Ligand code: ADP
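The form predicted alone is given below as one chain in structure tokens.
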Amino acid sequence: MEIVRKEGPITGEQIADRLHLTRATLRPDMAILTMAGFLEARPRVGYFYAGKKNDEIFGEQLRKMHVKDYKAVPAVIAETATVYDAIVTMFVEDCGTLSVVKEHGILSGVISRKDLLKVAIGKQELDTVPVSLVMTRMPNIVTVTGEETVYEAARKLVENAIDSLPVVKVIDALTKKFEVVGRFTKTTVTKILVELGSNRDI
């Protein structure tokens, strides 16, 4: 990149000569730099420095990624289950939020650690209180579809101060009938950032 920045346009052969490498050895690396947007290549002319900063390319990458490719397996519980069942499920799934579903996986509500803690502090019988009494109900739930971008999903997490989004398939947009097909969490975002961050080190 430094060579191209200073001497571009410059051919692949010329870059290879300066690095004391063969053109074949260099070709995969140049392809990666070009696809990532750091360099531009023009036939019979050579490589140009694209002039983009790392953070610009980073943002572009987030907007190209889709939730469907990064979503985790949904953590769900039936709306007929009890608060005790929800606590056990949350522990087993190692998550902070559960999607509450009706028949056929249709989203009914969400229940969080805070919701369960409120019930526990109230000293109610946890195995008799249904989750439907303490969950946040539709349509007051923030969701994301698989076709939305990772950037949009992360923005929803931040703006709504929540740690998880149900990933849904829209069955009926008018009545807000959604099937739960996954979950997108702050942990998911962190893993993506680490992945992208490691790839930025060039």
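The numbering used is simple: start at 1 and walk along the sequence shown. Here the structure is a predicted model, which is why all the values come from computation and not from measurement.
Heads up, the form predicted together with the ligand isn't pictured, but that's what we're talking about next.
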4.5 Å heavy atom contact, Ser108 to the ligand in the predicted bound form: no
Contact test in the predicted bound form: Ala50 vs the ligand, heavy atoms, 4.5 Å: no
Arg113: touches the ligand in the predicted bound form, heavy atom cutoff 4.5 angstroms: yes
The ligand contact in the predicted bound form: Glu152, any heavy atom under 4.5 Å: no
Segment assignment from 139-147, 171-179, 40-48, 61-69: heavy atom within 4.5 Å of the ligand in the predicted bound form: 139-147
Sequence-ordered list of residues in 135-174 near the ligand in the predicted bound form, where near means a heavy atom within 4.5 Å: Thr136, Asn140, Ile141, Val142, Ala161, Ile162, Asp163, Ser164, Leu165, Pro166
